[in-house]
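Shown next as structure tokens: one chain only, the form predicted alone.
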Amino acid sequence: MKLFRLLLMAGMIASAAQAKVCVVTTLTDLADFTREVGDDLVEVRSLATGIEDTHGVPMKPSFVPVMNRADLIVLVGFDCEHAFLPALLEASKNPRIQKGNVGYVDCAKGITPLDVPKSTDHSEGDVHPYGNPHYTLDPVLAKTAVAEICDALVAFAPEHEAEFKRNRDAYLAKLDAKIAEWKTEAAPIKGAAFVSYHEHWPYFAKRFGLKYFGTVELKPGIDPTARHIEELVSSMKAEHVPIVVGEPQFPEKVPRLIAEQAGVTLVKLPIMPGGVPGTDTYIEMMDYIIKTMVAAVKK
């Protein structure tokens, strides 16, 4: 009898585990949103860990079986993942998560993109053909991604609709409170100009009233030339640009050189949770970004 009860319990545990919605996300912010909405009803795996280039997450053989089992694939969209996701989707041989099917969750729906290029000529670098995809660095737009994820979970597991929507509403309320807090904290940096390595920050700059002065990259995906560095330093001095942002996805050497030559502050900012220590969640990441930027301007 005791053995029977143990076997029954093991079966119940296995059944509960199988009942979870299996979600794969491309980036760590999307994984955090999914965990907030899905709670213990979902099992979430992010392909990125937080330190990778969002446009080129290295493809690992271990990703294929994970995606083969996935009920949903959640992506940031605007072709951000074009270098790795299509090949992984094909290799997964999972019809549920192919583009156009219910398990393919594009969080960019409902987002009006910034910086849509007039030309996608490769001479202009690795341009974003549908506009800049880094909209989750604006916490107001991040709420749209949370809503898309909730809708997808409800569509897949309608029996848990009440739980998903309750979790979504609780997280959005928490995010709204933090947005108000971040706007107050960011008041000292309003109007400040900054340079970053890659074009990650237009949505963030627009939300918090900063001036996005330029990039260390010559063009998207193209390393800077000596002439570009020289011209960037000169213009930063002339316009009194106080900050260079170095994202952990890229080597620090050139941003540090530019900061030293321009006599300004270099800061390392994550573009998704996990990018630097202590930023395991989206809210922790945004806290870190705001506090670091404010501290840099006050120097």
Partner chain sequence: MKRYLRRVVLATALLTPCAARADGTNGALDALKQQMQQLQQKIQELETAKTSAPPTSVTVPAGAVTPEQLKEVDEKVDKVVEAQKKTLMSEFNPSIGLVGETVFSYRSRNSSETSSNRPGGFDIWQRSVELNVAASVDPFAKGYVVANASADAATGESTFGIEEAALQTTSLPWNLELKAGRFFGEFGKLEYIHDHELPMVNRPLAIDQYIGGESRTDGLQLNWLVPVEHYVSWTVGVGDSFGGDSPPSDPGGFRSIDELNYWSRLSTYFDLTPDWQAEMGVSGLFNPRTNDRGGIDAQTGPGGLPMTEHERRLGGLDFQVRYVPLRDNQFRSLTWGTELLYSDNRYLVDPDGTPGDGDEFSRSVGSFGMYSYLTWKLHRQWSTGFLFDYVQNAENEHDITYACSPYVTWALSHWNQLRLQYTYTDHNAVSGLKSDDAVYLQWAWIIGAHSHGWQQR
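All values reported here derive from a predicted model rather than from experimental measurement. Numbering follows the first chain given and starts at 1.
Although it is not shown, the form predicted together with the partner chain is what the next lines describe.
- With the partner chain left out of view, the stretch that reaches within 4.5 Å of it through heavy atoms in the predicted bound form is, among 215 to 223, 157 to 165, 173 to 181, 186 to 194, 215 to 223.
- Checking Leu41, Ile51, Val44, Val241 for any heavy atom within 4.5 Å of the partner chain in the predicted bound form turns up a single hit: Ile51.
- Proximity of Pro65 to the partner chain in the predicted bound form falls within the 4.5 Å heavy atom cutoff.
- The partner chain is not shown here, but in the predicted bound form it comes within 4.5 Å of a heavy atom of Leu88.
- Under a 4.5 angstroms non-hydrogen atom cutoff, the partner chain in the predicted bound form lacks Gly209 among its neighbouring residues.
- Residue contact check for Arg227: none of its heavy atoms lie within 4.5 Å of the partner chain in the predicted bound form.
- Along 225 to 258, a non-hydrogen atom within 4.5 Å of the partner chain in the predicted bound form is carried by Pro248, Gln249, Phe250, Pro251, in order along the sequence.
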